[in-house]
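Form predicted alone, single chain, as structure tokens, below.
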Amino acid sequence: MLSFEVLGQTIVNGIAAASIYMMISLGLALVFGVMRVVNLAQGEFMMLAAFGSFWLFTLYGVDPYLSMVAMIPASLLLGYAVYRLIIRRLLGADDINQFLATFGLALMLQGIAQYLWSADLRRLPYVLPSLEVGDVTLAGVRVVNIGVCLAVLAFLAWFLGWTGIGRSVRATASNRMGAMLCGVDVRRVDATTFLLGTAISAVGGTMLALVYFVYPSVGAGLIFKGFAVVILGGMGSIAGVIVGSLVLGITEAMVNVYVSSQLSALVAFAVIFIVLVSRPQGLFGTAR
């Protein structure tokens, strides 16, 4: 018999998972939409931020949400170095070159993390009071994570819609050559976009550390979820990221509760397969 209490709890858990999927997918969508580069190391940016928040809390007692103040600047420095040394050289390169370069970067960051912190699974021992809404119990950390995700989306909407550089980002994503002819500094736009995606991943890394285990290869699993989201929503579409994350997160939670926890891990791969076969451009994408 279907329990509305269990159903409500399952949907809330799915939305909480979707909030983390949005953080990695937004970075992927922004970078691809503007630069046409698929960054396979996006998950490793989240992994490093997760470790940073974990160690700040473990060693110095810094509240994980406050640690974002340190993680964002640190991620921006890393992102700028990666952009200058690797990403900008990949603009216009063959897809295989982009995949190999960013995949190699991902492996290198994983190796560094494993050398520094070993492959042990770590969990951030941080809890917040739960909320009771009817018969549904809302874990405090998951509620705050959802709130942080909404704040990031609000900032992104403001940045893209109300700032000069944000409008330049939208123009470049729509028509790169046209933006250049209109005087837009596309190199500045590229750097800004990549750094913005890196900063969003830093926020997502802290959110990740609060609800999942942290280990060097955690980003490798997340990148597949991110690809499932952007493929479902449409490569480069922010609206598609929001819808795709919610669909994936809630579907995984439903399969985990009502079918089998072992099958929930296959949902992302099923989404990629079904969308590529039936609608390759995604829900919000346009056929090329």
Partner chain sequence: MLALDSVEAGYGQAKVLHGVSLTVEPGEIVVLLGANGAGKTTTLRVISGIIGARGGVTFEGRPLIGMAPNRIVELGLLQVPEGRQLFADMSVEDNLLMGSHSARAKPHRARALEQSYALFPVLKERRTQKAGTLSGGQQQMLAIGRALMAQPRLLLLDEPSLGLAPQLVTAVFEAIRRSNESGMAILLVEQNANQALRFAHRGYVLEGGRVVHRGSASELADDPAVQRAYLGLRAATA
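Numbering follows the first chain given and starts at 1. Please read all numbers here as calculations on a predicted model, not as lab measurements.
Note that the form predicted in complex with the partner chain isn't included here; everything after this is about it.
J.: Using a 4.5 Å heavy atom cut-off, which residue among 195, 146, 156, 179 comes into contact with the partner chain in the predicted complex?
T.: Checking each option against the partner chain in the predicted complex, the one that comes within 4.5 Å is 179.
J.: From the list 191, 199, 78, 184, which entry has a heavy atom within 4.5 Å of the partner chain in the predicted complex?
T.: Partner contact (heavy atom, 4.5 Å) among the options: 184.
J.: Would you classify residue 152 as touching the partner chain in the predicted complex, given a 4.5 Å non-hydrogen atom cut-off?
T.: Flag for residue 152 set to no.
J.: Any chance residue 171 has a heavy atom within 4.5 Å of the partner chain in the predicted complex?
T.: Yes, residue 171 sits close enough to the partner chain in the predicted complex that at least one of its heavy atoms falls within 4.5 Å.
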